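Just the one chain here, laid out as structure tokens, in the form predicted on its own.
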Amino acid sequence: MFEYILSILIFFPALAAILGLALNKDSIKAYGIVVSAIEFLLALMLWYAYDAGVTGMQFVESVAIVEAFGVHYLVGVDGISLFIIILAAFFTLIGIASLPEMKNIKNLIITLLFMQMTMVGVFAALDVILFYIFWELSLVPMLYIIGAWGGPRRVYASVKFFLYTFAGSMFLLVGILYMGYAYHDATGIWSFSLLDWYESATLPFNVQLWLFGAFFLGFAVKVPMFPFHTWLPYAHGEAPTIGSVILAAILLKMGTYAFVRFSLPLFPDASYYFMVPIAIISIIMIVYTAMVAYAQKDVKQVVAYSSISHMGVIILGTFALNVEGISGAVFLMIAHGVVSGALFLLVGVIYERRHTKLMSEFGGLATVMPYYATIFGVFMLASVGMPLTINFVGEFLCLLGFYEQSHTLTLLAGLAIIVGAIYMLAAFKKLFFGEVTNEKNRNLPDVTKTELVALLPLVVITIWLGVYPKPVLGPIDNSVKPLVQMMHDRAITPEAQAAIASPLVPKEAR
């Protein structure tokens, strides 16, 4: 029954988008909601059928594309990718359902459905060429969304987004081709299967360093890591609400997911070698972008810079090189997607009412829009890592994991996260506390039923997984353990072997 469910999840939205071209403007939104709801139900069925006790890839499909060079349509999921696919389906549904009336809404919905194909494809692909194809294709719908439906500087923002990410991907492509040649030289067989690469001999240390750098540039721009982050505030600032939601909730996770899926297991010694420099960059990301966020006057820019800041914590956990840190990083990808996506939705709610994002235009909204203020407060607290919210679980595990590598850097990162809470509290104060001084705000309507339908499930998820994260964290942990074991077994330098905490090797025996 579930033999081809991944292929259905990947290509169903694109097929539906093609069929949607025949519909008129009046029926396209309902059609988009139905299609994305079916996709979300399929994603839930994937979760239902997924065996959390199995550590390897599940629902694997393989069809030869260019057999002479070992290129296959090869897809599969494990606990690392499963929940990001579900998140992509969930936010596509919420995004389409919450779309306001706008010009060319038919083209926007069709573009969103095509984008869903590329997002699911990235997280399901196990052939590296297939992964790269979906990786690059994901740029096109977002370029169109920002450029066609964005703000006054939308063309500049969309072109900058495309050029930055496309340039980084060129280095990634060179690394992928070199890995393919290296595998052929070692085995005499052409293969771009990631599973085959996992089983191949570890590359020499100096080759790992160069390849890690090539993959790093491709992934770091997508995250985006400091100093490659400058495209993101422009993209968020000019993108329509749905563009910012999808960008923050899903697209940014492609980079951090790729670090876990590619860089760590393929280049374990290089990952250890660059661990401290990347940790320092992560701390700079957390502190610098928090300071920039505090200086912003536009509430959407505050959320945009906060998104970069939290991605720094994910990178820190990823390069802890142990089960706690990597599991925390993957869980925080989900948490960050939920919370940042919700915050951008909330910014969109107030923008639709006032057509401004300047915090100076607001103040005292808690008395005018109490439900809106309450929901915003929940996600603000989750964003700063309040215990019993979803972000706290991921941030705690990331810091716990990196504590095994460096007490000092973990302390600095923890202090940076605390400092980072200042900008969210300051923004919340400017928006909601005090007297209503702007007459335009006195009669603003509170959240509508449609907006509540979109936001309340995110509130439930934020608190539910903050209190009881096991349903998601368990499968993630079961998939991360063999990944760390693989890193430990493939490491060739004694320093890397000692640093990578193998889950199957007792600590006293290391």
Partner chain sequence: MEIYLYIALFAPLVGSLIAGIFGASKKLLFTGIVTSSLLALSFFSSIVLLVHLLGGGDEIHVEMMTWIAAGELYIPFGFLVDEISATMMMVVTLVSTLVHIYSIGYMKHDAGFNRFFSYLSAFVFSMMVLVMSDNFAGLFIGWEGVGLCSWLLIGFWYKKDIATWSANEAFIMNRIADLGMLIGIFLIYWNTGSLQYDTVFAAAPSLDETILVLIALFLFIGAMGKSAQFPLHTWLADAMEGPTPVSALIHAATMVTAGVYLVVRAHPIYELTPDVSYFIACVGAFVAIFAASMALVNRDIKRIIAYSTLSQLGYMFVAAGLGAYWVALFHLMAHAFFKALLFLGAGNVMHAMRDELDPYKMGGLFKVMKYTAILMIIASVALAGIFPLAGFFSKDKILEVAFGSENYILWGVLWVSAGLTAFYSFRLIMLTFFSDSRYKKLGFDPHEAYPYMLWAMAPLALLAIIAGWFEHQFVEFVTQALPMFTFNVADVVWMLIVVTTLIALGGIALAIWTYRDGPLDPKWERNPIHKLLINEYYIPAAYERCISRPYRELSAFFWKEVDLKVVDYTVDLIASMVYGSGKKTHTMQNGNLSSMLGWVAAGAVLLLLAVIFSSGIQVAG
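In this text, all values refer to a predicted model and were calculated from it rather than measured experimentally. Positions refer to the first chain, counted from 1.
Just so you know, the form predicted together with the partner chain exists too; it's not on screen, but the next bit is about it.
Residue 414 belongs to the set of residues with a heavy atom inside 4.5 Å of the partner chain in the predicted bound form. Although the partner is absent from this view, residue 451 stays clear of the partner chain in the predicted bound form, with no non-hydrogen atom inside 4.5 angstroms. The partner chain in the predicted bound form is not approached by residue 356, whose heavy atoms all lie more than 4.5 angstroms from it. Remark: residue 324 counts among the residues lining the partner chain in the predicted bound form, judged by a heavy atom distance of 4.5 Å or less.
Each of 425, 429 and 466 is positioned with at least one heavy atom within 4.5 Å of the partner chain in the predicted bound form. Partner contacts here mean any heavy atom within 4.5 Å of the partner chain in the predicted bound form, and among 370-378, 264-272, 84-92, 247-255 they occur only in 370-378. Residue-level contacts in the predicted bound form: of 404, 196, 136, 361, one residue has a heavy atom within 4.5 Å of the partner chain, and it is 404. Contact annotation: of the candidates 386, 278, 174, 207, the single residue with a non-hydrogen atom within 4.5 angstroms of the partner chain in the predicted bound form is 386. Residues 392, 393, 396, 397, 399, 400, 401, 403, 404, 410, 411, 414, 415, 417, 418, 419, 421, 422 of 390-422 are found to place at least one heavy atom within 4.5 Å of the partner chain in the predicted bound form.
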